[in-house]
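A lone chain, given as structure tokens: the form predicted alone.
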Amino acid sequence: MDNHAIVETLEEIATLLELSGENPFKVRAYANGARALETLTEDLDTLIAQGKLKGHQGIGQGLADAITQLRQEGKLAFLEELRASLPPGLMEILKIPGLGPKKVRALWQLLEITDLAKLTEACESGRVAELKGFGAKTQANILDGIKNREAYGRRHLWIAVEPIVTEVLAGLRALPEVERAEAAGSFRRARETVGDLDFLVASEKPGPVMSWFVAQAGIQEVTAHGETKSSVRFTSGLQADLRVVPAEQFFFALHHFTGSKDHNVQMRHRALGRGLSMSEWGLTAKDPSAKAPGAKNEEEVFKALGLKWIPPELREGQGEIEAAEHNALPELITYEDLRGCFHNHTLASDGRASLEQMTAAAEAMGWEYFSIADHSKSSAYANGLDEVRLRAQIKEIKALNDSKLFKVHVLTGSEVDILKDGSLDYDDAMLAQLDVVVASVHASMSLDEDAMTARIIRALENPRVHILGHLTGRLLLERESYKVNIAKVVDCAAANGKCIELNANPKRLDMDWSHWRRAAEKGVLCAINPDAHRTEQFGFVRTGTLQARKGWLSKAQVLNAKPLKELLSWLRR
């Protein structure tokens, strides 16, 4: 078992122990052990071989033995016994926002709630509200969380299904009967969440292709197995459909199964205006004596209707057809255009890598610059920095830059809490010492829309703020956005020359793609930020770039596509 998997296992043990009512010191031992292993810079195998794991960052003998067994055998009998001792439904209840191990244990012990069905019944009957530490508001929030979870269960994060898409396409393309294979649907359009997958294959021999598709690994159920269409459900619950068409129909079908309903309706209407009927199988001339054009690629599908090719991300029926007709489509931002990013955390707050490790990883990305933005002091849960620690970090970053150990330039910064009244967590004198100030809401998220909007606007009016972080606070498939008037916030950002973040964490992707076209038209710049807490999370900017493309953004409209000299000029305006 690798380090990351061991960390997750130790965290699970800590959670299960807390659910069991175990001694808090034992719970903390496993939680602290996970933290120690996350930040381990030495080679784990070497520490085990030399008998030096015990005592390392406070790791005791029992924990050292557990880590060693997980590393060498990949399993732990203690964990299996712990899992078996608890109702399995408790782990599902833990996924409801606002319910931690202590509250879940209280529900279990006091109301005998062991699954979501019993929790729903207890909330609807009012019994949960009567418990000490809960109340009517918590009960209502739990019911909302259950309702949302049921809806969320039908969708999947884009990044979560990408490995499946990659694997299925690789398998299809390796078949001798397959001429072409592509993914279509909402995945190809880069929607932030995906309901199901659509695969398309060009082949004259669909039988073997279908046989491979329904027999691949990871399938829980085959829901259809036909000559040219099959459907399967993976163990994750994700459904996937495969259609096989002749080569001459492939690009028409690819266009059809990629576009949204609105996009396809508009394209069919346009075809009718040109004397053509359009379907997934191709174009047909209404005049029997006329010949309808075919397509050897997707560009020719659009050309047949007098249009420039429209990137898949834009095919939502929101003005892309008119723009293509007038040659007014933007040259969309690409992943390769990015020069760096601004919102990243280190061990100083709740990150999992040191300043030097994050810097080395940023340099490996080929970036010109990046900024550290650890949490501010009010985010105590995230070990936020007070002024003394922040000043020390500023000196540390300056020393690292002066050392010339890395080519990438490290910017000083902070993710500063926007307090309930809209003031910031540091005073202006402290903020003035930073290269980059990212202002974000992390608490008091239940304000009404007017109060939340006024709160954020006040923060944006502070001249020391450069970037507004994760505007709506949403967590995809987990937590709804707080109430805020996005249009007013965008207008304020435009009026004050502020940048708005596109938080590229796959669970956030916030501000949503649907608002970026208007924001860019008003002159608001976008910062595609990974909100990285680990070095590997720098890669989140790739997903963020897809969302920026979906929002019609070009390189000129993205702050972190600017070279360092131009960026510094913008920051120091």
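Quantities reported herein were computed from a predicted structural model and do not represent experimental measurements. C-alpha atoms forming the largest set that superposes within 1.5 Å between two forms make up the rigid core. Residues carry their position along the shown sequence, with the first being 1.
The same protein also has a form predicted together with a small molecule, omitted here; what follows describes it.
- The stretch among 357-365, 194-202, 401-409, 72-80 whose residues place heavy atoms within 4.5 Å of the small molecule in the predicted bound form is 194-202.
- At a distance threshold of 4.5 angstroms between non-hydrogen atoms, residue 264 is in contact with the small molecule in the predicted bound form.
- Interface membership of residue 458, defined by any non-hydrogen atom within 4.5 Å of the small molecule in the predicted bound form, is ruled out.
- The small molecule in the predicted bound form comes within 4.5 Å of no heavy atom belonging to residue 393.
- Within this chain, residue 233 is remote from the site of the small molecule in the predicted bound form, having no heavy atom within 4.5 Å.
- The partner is absent here; in the predicted bound form, the one residue of 260, 138, 453, 378 having a heavy atom within 4.5 Å of the small molecule is 260.
- Residue in contact with the small molecule in the predicted bound form (any heavy atom within 4.5 Å), chosen from 105, 268, 488, 149: 268.
- The Cα shift for residue 522 between this form and the one not shown, taken after rigid core superposition, is smaller than 2 angstroms.
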